[in-house]
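Single chain ahead, by itself, as structure tokens, in the form predicted on its own.
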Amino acid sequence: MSHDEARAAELSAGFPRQTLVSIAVFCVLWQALSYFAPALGIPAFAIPGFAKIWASLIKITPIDVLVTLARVIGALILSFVLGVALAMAMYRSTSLENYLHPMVRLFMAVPVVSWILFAVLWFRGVEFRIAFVLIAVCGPVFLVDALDAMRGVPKELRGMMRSFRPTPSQFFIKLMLPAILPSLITSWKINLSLAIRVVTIAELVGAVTGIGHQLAVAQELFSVADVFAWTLVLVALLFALEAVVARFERRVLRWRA
């Protein structure tokens, strides 16, 4: 085993231990603050102990978790399909790229709050509002990353592939897709984290189900324990989705190992 491989193995082996230590230290500090909060002039409900947080966790309604998960996955799939399709069209047409690229940059500059306000004003259905916000935020990321990856394919490879006179679908499937796949997986990792944060904000406006709605209810009741519990659920949901993407990445990109 080389020095670099040994170092990588050492880091990978030490990472879980360091993570557990960091989490343990945080938990101890939080629990200590929950005990001493009144003495520090902080309301007791502001820093709940883990007993109260656990009581809130066991009351989590699975249907709200599933609804939020379905909204995230559905919107991300639509964003991915639209983003990659537009990237392919812009790649094949320089004129189309010149016209659409400024609009894509404009979309990426619009704050999430503005998209939510637009959705409220434009759509009546809550699901349309949430889907619109997620697609408007995540779609341009897929588009830009896919287009940049296509532009990064070496000219020699493109020329060699065209010498076999492939159909447009063959050209994309045989050359472009394998070449841009690492960038697309990276886009999924970025958008998963982005979508989890955005969907909770979108669900605050008009939704009667989902984690965002439950966070709004907890805020109205001044229940910090419930907010903490639902936040933990969001974090766990993100880690689970990232684990699925990481497993897919290891499977389809075995050649990089």
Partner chain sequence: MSGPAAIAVRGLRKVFRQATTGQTVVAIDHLDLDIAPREVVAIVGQTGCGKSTFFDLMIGLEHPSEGAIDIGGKTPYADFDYFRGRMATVFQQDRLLPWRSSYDNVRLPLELMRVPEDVQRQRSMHWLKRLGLENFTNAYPHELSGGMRQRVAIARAFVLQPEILLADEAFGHLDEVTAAELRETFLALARECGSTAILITHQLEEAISVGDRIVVFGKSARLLADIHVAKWDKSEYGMLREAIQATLQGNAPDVRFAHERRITR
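Numbering follows the first chain given and starts at 1. This structure is a prediction, so every number in the text was calculated from the model and none was measured.
The discussion below concerns the form predicted in complex with its partner chain, not included here.
Student: Look at the stretches 136 to 144, 152 to 160, 79 to 87, 106 to 114 and give the one with heavy atoms within 4.5 Å of its partner chain in the predicted complex.
Tutor: Of the stretches listed, the one contacting the partner is 152 to 160.
Student: What I'd like checked is whether R165, Q170 and P178 together line its partner chain in the predicted complex, meaning each has a non-hydrogen atom within 4.5 Å of it.
Tutor: All three within 4.5 Å in the predicted complex.
Student: Quick one: is R254 in contact with its partner chain in the predicted complex, heavy atoms, 4.5 Å cut-off?
Tutor: R254 belongs to the contact set for its partner chain.
Student: Using 4.5 Å between non-hydrogen atoms, is R92 touching its partner chain in the predicted complex?
Tutor: Outside the cut-off, so no.
Student: Would you classify K174 as touching its partner chain in the predicted complex, given a 4.5 Å non-hydrogen atom cut-off?
Tutor: So K174 counts as contacting its partner chain.
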